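Let's start with one chain on its own, the form predicted alone, as structure tokens.
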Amino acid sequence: MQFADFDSAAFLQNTWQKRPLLIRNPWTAWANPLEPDELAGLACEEAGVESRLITRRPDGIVLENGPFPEARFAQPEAAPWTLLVQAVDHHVPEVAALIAPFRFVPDWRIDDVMVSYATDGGGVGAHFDQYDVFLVQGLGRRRWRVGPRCDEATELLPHEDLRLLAEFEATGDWVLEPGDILYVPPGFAHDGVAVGDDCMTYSIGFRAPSRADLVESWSAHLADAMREDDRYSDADLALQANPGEITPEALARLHALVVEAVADGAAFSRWFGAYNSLPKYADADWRPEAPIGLRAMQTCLADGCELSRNSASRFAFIRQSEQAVCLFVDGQSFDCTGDAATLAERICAGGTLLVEPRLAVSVPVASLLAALVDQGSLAFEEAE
């Protein structure tokens, strides 16, 4: 599924992280990729699926966490309700395909596709997010109202489970039809309410790591690798007038200990590539029953077998030189040169991967692909 008429360069320059934007059906031919009963089925899965049900009852908004029994949707209550299922792109290839048109934003920023189903009047309530989101109307109609930019000082309603705005004044008001898209930058208040039953919305969300998360995680990574005997020293200590003073010289040494450790740009790049590519759900296990082995992989490549990416996996690379890249997949790093580096870039570009049969004899290429298959990040295309 692709856009027929959308200027991504102009969008990035004029709109991205600056203001909300309504985009009326830009698709070549919009088709809703998931049926409501399929979404409900995912919410009933016992493991591997994160789901929530939000009901707007007369006494307030109630949130329930899945998995849900099938009977919960067979006879739903009369009050307006919304079902939210996270990372549906991990389980449904047709939903994963929705991400492709939005890849004018780098892959490392993409989080997942959350899908919601709502009955008439259903909605989460007025709120704001800390990340960019494209809200694609898949089925039915939804009224979206957008308000001003919020921050951590914005007053919220007292609610145990939801961060809802205490006050909301709309500055934009639209009803979205199937195929329409609403872009909402981080911090902007928004409220969506289903207009009629069978309302489905696909939320394509983007990650924005906080400074606090980066500092905490990077520092923890560094600390884990540090030697116990890497300590403060002052062999040139001079007698000081007052023993109670922490002198400027001591402070400079202490500060240098910290700054020198965190200032290694190359080490940070390698750490961040692995950190950022960690799977959204660490407990998910996509590995095959048995490792493929180098020779079996070489035979498959020589036979022209196609490989495809696991939609739940995260791929990225950092260029190290003209002939070398470091590939990051699901928290693992792979140093690649020559043909393996070229292949790593092709893998990150996405789509089905057909490796030239001549590369079957390349041990670096076959070893890389075998490692990615063994960890569940790549899989062979099934013959139809």
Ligand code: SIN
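Remember, predicted model here, so these are calculated numbers, not experimental data. A residue's number is simply how far along the shown sequence it sits, counting from 1.
There is also a form predicted together with ligand SIN; it is not shown, and the following applies to it.
Checking 309, 90, 314, 190 for any heavy atom within 4.5 Å of ligand SIN in the predicted complex turns up a single hit: 190.
A heavy atom within 4.5 Å of ligand SIN in the predicted complex is found for exactly one of 297, 135, 146, 113: 135.
None of 238 to 246, 137 to 145, 163 to 171, 216 to 224 except one has non-hydrogen atoms within 4.5 angstroms of ligand SIN in the predicted complex; the exception is 137 to 145. Taking the partner from the other structure, ligand SIN in the predicted complex has a heavy atom within 4.5 Å of a heavy atom of residue 129.
Contact between residue 203 and ligand SIN in the predicted complex is found at the 4.5 Å heavy atom cutoff.
In the predicted complex, ligand SIN lies farther than 4.5 Å from every heavy atom of residue 96. Using a 4.5 Å cutoff between non-hydrogen atoms, residue 124 counts as a contact of ligand SIN in the predicted complex.
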